[in-house]
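Coming up is one lone chain in structure tokens, specifically the form predicted on its own.
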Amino acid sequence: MAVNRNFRVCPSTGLSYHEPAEKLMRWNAVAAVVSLLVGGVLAVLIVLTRWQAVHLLPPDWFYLLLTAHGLDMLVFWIIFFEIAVLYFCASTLLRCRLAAPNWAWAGFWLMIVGALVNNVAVFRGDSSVMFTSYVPMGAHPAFYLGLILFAVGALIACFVFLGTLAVAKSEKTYHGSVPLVTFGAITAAIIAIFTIASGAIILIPTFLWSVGLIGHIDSLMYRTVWWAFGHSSQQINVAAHVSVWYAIAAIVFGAKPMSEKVSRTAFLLYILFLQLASAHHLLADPGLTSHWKIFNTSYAMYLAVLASMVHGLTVPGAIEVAQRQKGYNKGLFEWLRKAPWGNPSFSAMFISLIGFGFLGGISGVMMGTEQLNLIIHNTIYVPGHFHATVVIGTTLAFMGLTYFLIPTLFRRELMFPGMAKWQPYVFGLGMAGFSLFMMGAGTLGVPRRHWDITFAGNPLAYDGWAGGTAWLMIAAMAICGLLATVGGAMYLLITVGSVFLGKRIATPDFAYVKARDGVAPTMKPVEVAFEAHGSNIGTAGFVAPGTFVLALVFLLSFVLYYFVNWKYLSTVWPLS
């Protein structure tokens, strides 16, 4: 039975915000941006150290800041923002009250405490174990405790999200299937639960080891189980940012999925196979069987890649169909040329899609091939790949969504609108160059984990990089990295300025309404675009020829790069 709750209806979009959900979305988003600020400052110092000609930091500070940067960016910034996205996809899109707000707040404060405890443990100077924290390297017990507290808080948030779905179903606040964006968020939540469980399995024993209650942690066991947490946490990001792609397509264009059945099937493939991509971190480990490696790097990986390729086709395809319906029908690409490139939500989303597909996706398939993995394993190619996926793909998509949420969720006018138009280009293109040059240097063999790529001061010092192509690539990587940090600073300035100093947008006050009535009497275009479109299933085949051509370009790029790397591999065969 529906009960009385506080709702606010956004007059411009028709989206309804439940008061507790709205506050939680705001606080999670703010915590995310603070984490991004800390990680971004650290990124500048790390880039200036990686730049061999500058080499800013000494080794101890480099590893300390690299540890903090990895955790603040890969865990705290992204997961705080993803929790806000989950609440938006459940409470707001389904127009229902948030389940168990008190539990949601408990989860949030656990995440805050966990993030603070972990950062304090790192900055005190005795927990520089990197993001991976491989044993037998040991960190201060607070390092592991902070991650555990954060994970428990995130798990509570996932259960609140699932409970909100049950509330919406029980109180009949939507009809038919949940919207595709919400379906994608469900996928992210399911992967998150698997990820957090994997983290608990390994981090709790490691915490007990750090305080002396367990005598030994097997290194191979740790690596195998930890990557079920470490890499799968990035698969939450993939499901979340793909959902954001669909959301922005609906917001900006009123675009409907080309085939909801196909898109939902692709999300299901994520649940079944995406976490298995963790295997590419373990392909050089001797303790795992060839059968396991072959299964993970062939059949399982191909189905996960298929899912991403489906989304990479259907999102721009939906935009093309919407644009052509508006009359942009000249040639293959008028729909794309006439897209609102000055709208930062759209430009951030589209650069995210292209960067994730061409840079992150293609390089990920190459890394996930057992034989090819040998030539780039533990080189600087690896962080080049995940900056293409997590930063260009996830972070840029979240930035695009922020520009929609500032006026609708925070009820503030966007400050510096001219800067906002350019921000996705500065950040996206800078990070694309950063990732490309890093992968190029890794292909040439530049090591991943060492403070000094020349190994200066060591018995096996190597100065072969100096003045060579790899040296130049590292310099170009650093310059592009600094450009990306400028783009990140632009985002922080726009976001923080708008939220705290932007002109308040007048909206109706909260009113007590029943859950089933907590929506605008007539839906606005944005809200209609989020609805499930069952009748649209399978009806938009070749009405997107431009997208089909772009897909062929992607396929050609993939094939060429894949076989170029087999050529690189052939050059090391004589070593056997």
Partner chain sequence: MDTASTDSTPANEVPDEPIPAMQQLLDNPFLLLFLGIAMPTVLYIVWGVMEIVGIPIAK
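This structure is a prediction, so every number in the text was calculated from the model and none was measured. Numbering follows the first chain given and starts at 1.
Not pictured, yet referred to below: the form predicted together with the partner chain.
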- in the predicted complex, the one of His385, Arg412, His140, Arg264 near the partner chain [non-hydrogen atom within 4.5 angstroms]: Arg264
- As a check of understanding, the residue in Ser498, Gln275, Ser363, Asn373 with any heavy atom within 4.5 Å of the partner chain in the predicted complex should be identified as Gln275
- Item | Segment assignment from 456-464, 498-506, 415-423, 216-224: heavy atom within 4.5 Å of the partner chain in the predicted complex | 216-224
- Is there a heavy atom of Gly317 no more than 4.5 Å from a heavy atom of the partner chain in the predicted complex? no
- Is Leu162 close enough to touch the partner chain in the predicted complex, meaning at least one heavy atom pair within 4.5 Å? yes
- Contact test in the predicted complex: Ser308 vs the partner chain, heavy atoms, 4.5 Å: no
- Message: My question is simply whether Leu482 lines the interface with the partner chain in the predicted complex - judged by any non-hydrogen atom within 4.5 Å.
- Response: no
- Query: Which residues in 244-279 have a heavy atom within 4.5 Å of the partner chain in the predicted complex?
  - Reply: Ala247, Ala250, Ile251, Ala255, Lys256, Pro257, Glu260, Arg264, Thr265, Leu268, Ile271, Leu272, Phe273, Gln275, Leu276, Ser278, Ala279
